[in-house]
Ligand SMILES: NC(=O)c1ccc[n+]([C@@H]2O[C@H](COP(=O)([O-])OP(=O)(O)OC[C@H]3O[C@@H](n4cnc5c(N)ncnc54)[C@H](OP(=O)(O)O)[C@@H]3O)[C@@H](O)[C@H]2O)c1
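Next up: a single chain in C-alpha cells, the form predicted alone.
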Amino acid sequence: MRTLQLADKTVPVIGQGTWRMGEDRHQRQAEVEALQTGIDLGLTLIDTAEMYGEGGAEEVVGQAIAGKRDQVVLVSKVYPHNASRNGIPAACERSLQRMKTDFIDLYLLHWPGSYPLEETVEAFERLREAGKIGRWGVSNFDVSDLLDLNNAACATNQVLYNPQERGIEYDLLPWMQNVAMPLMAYCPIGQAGDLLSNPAILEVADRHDATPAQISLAWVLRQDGVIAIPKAVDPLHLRINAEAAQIDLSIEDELLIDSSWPAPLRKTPLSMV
C-alpha cells in the first residue's frame, strides 16, 4: 500500500470512511467487523465524525479499534455549532468517550460555521497542548476559507472528490498541493449515482481487469497528496478498495474519463454532501 504523511503520521493513501455507520443497531456487528477487516488489510486510517449517526459511528469505531488503537490513525470531526472555545473541548471529550480512547490523531472542523476561526483554532490548540489531539484540520473548506483561516498548523482539508465531482481541480487542489497540505477525498467512488455504471469507467475497468470502484479510486489517487476514504462494509469491497492503490491509469485512460467529465475551466462553488 502506498503511503503519505498526514498529521505527522505515515498513513495509507486509502483509508476507511464511516459515514452512515452506527445508524442501524442490526448492522452494528457487521460494521465493527468490516473496520477490523480493513485494518488487517492495511486500511489503518479511519475517518469518522460526531455527526455520523449522531455519535453512533464513533461508537462503532470504538468497538472496532478495541485492542488495536496503536495500529490506527484516528480522524474525527466536530460540528460547526460545537466549534466554540468551550464547545470544542466538550465535544472532543464526548467523542473520546464514544471511541473509548484518550487521543484523536486528527480532529477536524466539519465545515465552516458561525464561530470565528480564531476561536476555533484556539480551542483546537488547547486540546493539542493537553494531549487530547495530535493535530487539527478542516473539512469542506474552499480556497477562500483556507485563506481566511491563514494558519500553517492546519494539517488537512477533507472535501468531496471523484470523477464526477472535480471542481476542486480548478483552484483548491493546486493551492493545497502548493502548500503541501494533504487532501482527504470523501465519496471517492460517488454516492449512489451513475458513476460506477458510466461507459468510460466500465471500459477503463475492463482494460485493467478491475472493478469500476477501483478505477474511481485509482483516478482520485492519481493526484499527489490525496488520500481516499471510501466506506465499505462488505469484506469483498474492502479487499477491492485496498487493491486499488496498485492501479496506474494511463494517459489514454484519463482522457477517456475526461470525455465524460471534463476538467473544470472555471471556478465553481465547492460541492458538499
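Nothing here was measured: the structure is a model prediction, and the numbers come from that model. Don't overthink the numbering: it's just position in the shown sequence, from 1.
Keep in mind the form predicted in complex with the ligand is missing from the figure; the text below concerns it.
Heavy atoms within 4.5 Å of the ligand in the model of the complex are found in exactly one of 180 to 188, 124 to 132, 82 to 90, 147 to 155, that being 180 to 188. Contact annotation for residue 237: at least one heavy atom lies within 4.5 Å of the ligand in the model of the complex. None of the heavy atoms of residue 22 is located within 4.5 Å of the ligand in the model of the complex. Taking the partner from elsewhere, residue 139 is found to have a heavy atom lying within 4.5 Å of the ligand in the model of the complex. When contacts are judged by a 4.5 Å heavy atom cut-off, residue 230 counts as touching the ligand in the model of the complex. Residues of 34 to 71 lying near the ligand in the model of the complex, listed in sequence order, are 47, 52, the criterion being any heavy atom within 4.5 Å.
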